[in-house]
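Given as structure tokens, the chain that follows is alone and in the form predicted alone.
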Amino acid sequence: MDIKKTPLFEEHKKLEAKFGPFGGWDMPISYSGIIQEHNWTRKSACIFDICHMGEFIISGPKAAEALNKIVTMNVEEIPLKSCKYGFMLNETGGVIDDLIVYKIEADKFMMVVNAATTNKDLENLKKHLPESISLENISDNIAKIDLQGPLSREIIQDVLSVDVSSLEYYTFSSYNFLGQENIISRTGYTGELGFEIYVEVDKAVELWGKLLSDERVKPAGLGARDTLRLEMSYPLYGHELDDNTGPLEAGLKMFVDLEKDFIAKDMLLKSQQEGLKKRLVCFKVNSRRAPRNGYKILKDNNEIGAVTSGSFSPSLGYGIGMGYITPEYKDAGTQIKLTDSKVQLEAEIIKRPFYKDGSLKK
């Protein structure tokens, strides 16, 4: 799906009258301000337009077996109406995409992928799935709106008149609202209790309006989405993950099942045996200054890596970031410096995540 054709484009434009101009393009960086939206998500609930994400349906006899050879997690072991996070890798062990697989039936799955990699992901699946397996790209027919925040569960109950209280973390189910059956899942990327609502494209505007009619809900843009995920130390494709970086280097081994066969498993085992050449670390800055993507990471004035993501943390009140460094300096407590040609920041490597007080699993 072209991001500029999100079905909520006109709704975003209407909000300019309330919040002021944010630019006449796809999805706004913010409506009322990144920090305000970030903090509102932490204490109440915000909705995010995620209609640009890609969705595929993979089905047919032995679909689980076939998909299991392509992704790093074991989809055959996923319980029905549950979902799991993992990766598709290229032949060298780099990440084609990080994604979530939903198990609808024993041999029917929905795969949710990043917007920028949707076409690349589709081609990779076509390349490796047997012809007997059905692969359907439903990205242009499905709208995805996320409601994130500690009050999200009761808001869905009140606004949509559906009971999602039985949904556990990383599960989903179908519910009847807006005159049709729709999937609601509970995964999230903010560190707060959160739900993903999938509806047909022609229902997106109605759903957006209904949720915003509740005074506990505010819209949030891409800026708050980024600061919220960064506080949780969640990787972002194109920053912490890419075609040249594997999940082990990113510290995400828990999402890789090395007991089964999948593309590039041998490369991961080899890199693990030989020793990883870089490791992703989290660090906090000793001030409110925000480190930026591309800043050099120094130890004793020697360059040991680079920043991949950085921001001021609205929840914690200081600068935070992630970056790759040579493994010998990865331990928590290591003092480092972050610099570009003009700025130098004192920082300390810490254990992930930055933010630990969320409602994610409550």
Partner chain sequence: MTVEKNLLYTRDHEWVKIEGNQATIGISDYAQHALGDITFVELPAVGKDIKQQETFSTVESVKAASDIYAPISGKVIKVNEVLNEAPEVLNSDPYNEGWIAIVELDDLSKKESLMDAVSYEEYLKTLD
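Residue numbers count along the first chain shown, from 1. Keep in mind it's a predicted model, so treat the numbers as computed, not measured.
Just so it is clear, the following notes concern the form predicted in complex with its partner chain, a form of the same protein that is not shown.
- Although the partner is absent here, K14 sits far enough away that none of its heavy atoms falls within 4.5 Å of its partner chain in the predicted bound form.
- Contact annotation for Q36: at least one heavy atom lies within 4.5 Å of its partner chain in the predicted bound form.
- Under a 4.5 angstroms non-hydrogen atom cutoff, its partner chain in the predicted bound form has K18 among its neighbouring residues.
- For the chain shown alone, S311 is a contact residue for its partner chain in the predicted bound form, at least one non-hydrogen atom being within 4.5 angstroms.
- For the candidate set N182, T227, T245, S233, a heavy atom within 4.5 Å of its partner chain in the predicted bound form is found for exactly one residue, namely T227.
- Out of the listed residues R292, H128, K278, K108, R292 is the one that sits within 4.5 Å of its partner chain in the predicted bound form by at least one heavy atom.
- The candidate spot formed by I29, R288 and K342 is fully in contact with its partner chain in the predicted bound form: every one of the three has a heavy atom within 4.5 Å.
- Listed stretches are 328-336, 311-319, 296-304, 64-72; the contact stretch with its partner chain in the predicted bound form is 311-319, by a heavy atom cutoff of 4.5 Å.
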